[in-house]
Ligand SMILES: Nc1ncnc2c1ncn2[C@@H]1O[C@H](COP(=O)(O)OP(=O)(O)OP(=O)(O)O)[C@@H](O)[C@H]1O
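One chain comes next, on its own, written out as structure tokens in the form predicted on its own.
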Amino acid sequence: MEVEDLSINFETLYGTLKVLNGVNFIINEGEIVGLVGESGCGKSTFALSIMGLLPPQAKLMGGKIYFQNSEINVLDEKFMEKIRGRKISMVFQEPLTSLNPILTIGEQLMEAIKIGSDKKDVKKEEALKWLKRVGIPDPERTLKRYPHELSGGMRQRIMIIMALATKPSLLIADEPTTALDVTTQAQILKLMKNLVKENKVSVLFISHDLGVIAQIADRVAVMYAGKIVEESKIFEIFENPLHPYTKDLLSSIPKLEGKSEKLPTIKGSVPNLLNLPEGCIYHTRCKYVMDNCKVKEPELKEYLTKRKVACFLY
């Protein structure tokens, strides 16, 4: 998948929100790419734009989305239905609102398997195989249960296997572990990584937690106020963060070793999307700000080997 210069605005009663501003993004075949940033920076809007699920108030201002060399942002709903849920699947943050409350787990899982296999009838044994693969206890009974009868971790497992059962080429996971406890979160991440490798699926993994991204991604992009400000291999960003925002994010993570000190915070607040600052979008909070930053916007450009950063320091 390749995204070129994607810009999306939201029309509201208070004015125009510039939610995405010239986003460029690539996911290679078989690659797990993390997209990280604080709440409200545009991560979920980016995911929904790929799926063709933007709300009515959203307006595409420019840019192109290519999937397997086809431009999909110009396709109508009829053609998108052939891609969405089949070639591109999505796991949402809250599985209880994503699953149908009046259908059993078995009915919903078999429907997903049917889409992936193009079979008219799917046997219960096929659904049971998927449940066993993800370690669901008592799979026979689980097939007959409704979403509200399962724990958050079990529901998220169901959502993951439903997304993969359609045999997609690209899986988008929008903060799939946020509502889970730490132990369940670790189990879900391990499970997801194994299933993705087995099924040879490319993944866009969205999170606000760099620690989670570190456990699953090969490469990571950092988003701030609708723009990608840094992109690199996962461990390089921890060893040597380049953009001031990335540095500030990492410095605010609690450390297990050493003397306990007061955590540093990022001064100021996220810019108002109704009235974004001129120049670099981070200059109002940046400790390295220069005069140039206040009037000119830095481009996301290559720095060192296969790293990109939008900052005048480089």
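From a predicted model like this one, the values you see are computed outputs, not experimental measurements. Residues carry their position along the shown sequence, with the first being 1.
Another form exists, predicted in complex with the named molecule; not displayed. Remarks below refer to it.
Enquirer: Heavy atom within 4.5 Å of the named molecule in the model of the complex: which of 51, 266, 27, 273 fits that? Just give me the one.
Expert: Exactly one listed residue reaches within 4.5 Å, namely 273.
Enquirer: Is residue 278 a contact residue for the named molecule in the model of the complex, using a 4.5 Å heavy atom cut-off?
Expert: Residue 278 lies outside the contact set for the named molecule.
Enquirer: Check residue 38 for me: does it contact the named molecule in the model of the complex (non-hydrogen atoms, 4.5 angstroms)?
Expert: Yes.
Enquirer: Is residue 111 one of the residues lying within 4.5 Å of the named molecule in the model of the complex, judged by heavy atom distances?
Expert: Residue 111: no, not in contact with the named molecule in the model of the complex.
Enquirer: Contact between residue 43 and the named molecule in the model of the complex at 4.5 Å, heavy atoms?
Expert: Residue 43: contacts the named molecule in the model of the complex.
Enquirer: Using a 4.5 Å heavy atom cut-off, indicate which stretch of 243 to 251, 51 to 59, 66 to 74, 280 to 288 touches the named molecule in the model of the complex.
Expert: Correct option: 51 to 59.
Enquirer: Within 4.5 Å of the named molecule in the model of the complex, counting any non-hydrogen atom, which residues from 13 to 36 show up?
Expert: 17, 19, in sequence order.
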